[in-house]
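Given as structure tokens, the chain that follows is alone and in the form predicted on its own.
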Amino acid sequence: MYRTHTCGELRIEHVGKIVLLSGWVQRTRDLGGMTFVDLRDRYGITQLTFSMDEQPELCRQARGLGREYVIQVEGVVSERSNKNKQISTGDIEINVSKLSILNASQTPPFTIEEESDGGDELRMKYRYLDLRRPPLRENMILRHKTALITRNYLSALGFMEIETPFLIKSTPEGARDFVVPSRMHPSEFYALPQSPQTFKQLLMVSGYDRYFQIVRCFRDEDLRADRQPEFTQIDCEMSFVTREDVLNTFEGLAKHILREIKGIEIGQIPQMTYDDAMRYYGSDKPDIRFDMKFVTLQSTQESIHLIRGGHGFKVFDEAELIVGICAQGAADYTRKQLDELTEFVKRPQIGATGLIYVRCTADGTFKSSVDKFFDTEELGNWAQHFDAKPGDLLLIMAGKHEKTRKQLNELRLEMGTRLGLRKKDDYRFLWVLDFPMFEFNEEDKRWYAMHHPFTSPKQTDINALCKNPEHVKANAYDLVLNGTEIAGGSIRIHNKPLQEAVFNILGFSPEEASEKFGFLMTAFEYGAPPHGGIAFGFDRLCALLGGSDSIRDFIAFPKNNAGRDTMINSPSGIDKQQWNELHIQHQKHISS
């Protein structure tokens, strides 16, 4: 037996008990007559004591222990004279009578503490050491609890967890596939699934009317803080449901997770159409922890003309859209701060050419960056339209419709951050509904599905499908948490003629559609029920619950920003024999 208790288990009621503990040496402290060792495992830390007077040889052995040595001790639980209220075992210590070194350790390349002195790349290289640190350990515990809560909740509602294949057929839509060459079928390839979409629809055809899976998915796309080449979804599908049935079911799941993990009751989740999200926030995933809605002063699309012409201000005169936000209480921003905001929106990632501001001063007057073009009366009219109060700051942008709204969205989020309105412990969910069914790509002059090609149009828009695809709304929905999309889904197409019509709009010939998705359309001819579903980004959800913007620290073994695993040095080359077995010519072999 290596241990009778863990390092986070012993309390004052265990005093006098002889115990065995095993774990890693966190630190040692030599105080002359006494040596103290903090012993750590994933459950906590327990202080060990060694007395030079009582057992000098054992004490000398303890002084030779290095950080991260793996040891076993036997001793008696005693009450600490100097209690440590920062740890759960802080009332007791172990008077050690036996010490065994189970494995020595080299000095770690960084400190394994709450705050480490190791950089990101170093800690990624030694990820197994980084995972010993308390913050990473807590992240893994949160992830485990969230998965367990999800499984129990869905199982109680009659959902079955069913595994779907990892080696599937490559599809032309969405992100790039990771492909796997087949040894047994030369020149043919599997693809790793970007999602189990078609398989979960086939399970609905099979009569398994409530399916879920916490499943690994793969996308060969550029990385950022909330993306990894392999990620996890809570993937779900239901038969004989309307959109409201799906929303109610998974709103319940979101509420249950927040209640169990954070102890928070979130109430009913509000809903917003895609069109309103874009109009008022310039984003299909608005952060509603704070207000600061867009206010339109001029729009050629909406026939709004609240700015009189003839002032000679070219930026406004040539703009399709003039729109802004009201930052409450920010009129005291200095010129330096306003210049910083201007430089922020001019960054290449945002691409604006400038920013107009209007200060609504405490005495009821207005000071702006366009005073030479607009008088106080005109500025006052703007402020009234914004419902601005003395002390508020108007920030206004102008340009083309879509581009300007996206730029103002970035500025809104920046102001929310600067004003302390984006609190990590404030959880605000939002359903975004009625997305456009299609989006047109000007480069290749064709329509693409905004979600995926299996999404059903809204029943009221089916007649417009072929004649006016730009007006068709999808029966789709996204769940947004604090400005991050954490789930997306739709009611699916479940009959062959409608699916064929959508494939036709997307530019698939009948032959291409049959070659790529013939199996699904054939299944639709055998009694496919109405069905719909949703998939949660599990890594993103865990990161937000843990108060982080990055999913990397909530994945045990993630990739870095270049898509590499520096710990195992992956991806890596394969030898010539493997190339030959896969019937693939290596580029070096071709060139030679």
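Residues carry their position along the shown sequence, with the first being 1. For clarity, a rigid core is taken as the largest C-alpha set superposing within 1.5 Å between two forms. Just so we're clear, the structure is a prediction, and the values are computed from it rather than from any experiment.
Not on display, but discussed next: the form predicted together with a further copy of the same chain.
Review point. Do heavy atoms from each of 182, 209 and 571 fall within 4.5 Å of a further copy of the same chain in the model of the complex?
Key: Result yes, every residue of the spot touches a further copy of the same chain.
Check your understanding: Only one of 409, 213, 456, 482 has a non-hydrogen atom within 4.5 angstroms of a further copy of the same chain in the model of the complex; which is it?
Key -> By the 4.5 Å heavy-atom cutoff, the listed residue in contact is 213.
Check your understanding: Based on heavy atom distances of at most 4.5 Å to a further copy of the same chain in the model of the complex, which listed stretch, 246-254, 409-417, 95-103, 358-366, is the contact stretch?
Key -> Comparing against a further copy of the same chain in the model of the complex, the contact stretch is 95-103.
Review point. Using heavy atoms and a 4.5 Å limit, would one call residue 508 a contact residue for a further copy of the same chain in the model of the complex?
Key: Looking in the model of the complex, residue contacts with a further copy of the same chain do not include residue 508, since no heavy atom lies within 4.5 Å.
Check your understanding: Does a further copy of the same chain come within 4.5 Å of any heavy atom of residue 64 in the model of the complex?
Key -> Looking in the model of the complex, residue contacts with a further copy of the same chain do not include residue 64, since no heavy atom lies within 4.5 Å.
Review point. How about residue 38: is it within 4.5 Å of a further copy of the same chain in the model of the complex, going by heavy atoms?
Key: No, no contact at 4.5 Å.
Review point. Would residue 397 count as touching a further copy of the same chain in the model of the complex under a 4.5 Å heavy atom rule?
Key: No - in the model of the complex, heavy atoms of residue 397 and a further copy of the same chain never come within 4.5 Å of each other.
Check your understanding: Does any residue in 506-541 get within 4.5 Å of a further copy of the same chain in the model of the complex, counting heavy atoms only, and if so which ones?
Key -> Sequence-ordered list: 516, 519, 522, 523, 524, 525, 526, 527, 528, 529, 530, 538.
Check your understanding: With both forms fit on the core, is the shift of the CA atom of residue 18 between the shown form and the other one 2 Å or larger?
Key -> It does not, since the residue 18 C-alpha is displaced less than 2 Å between the shown form and the other one after the core fit.
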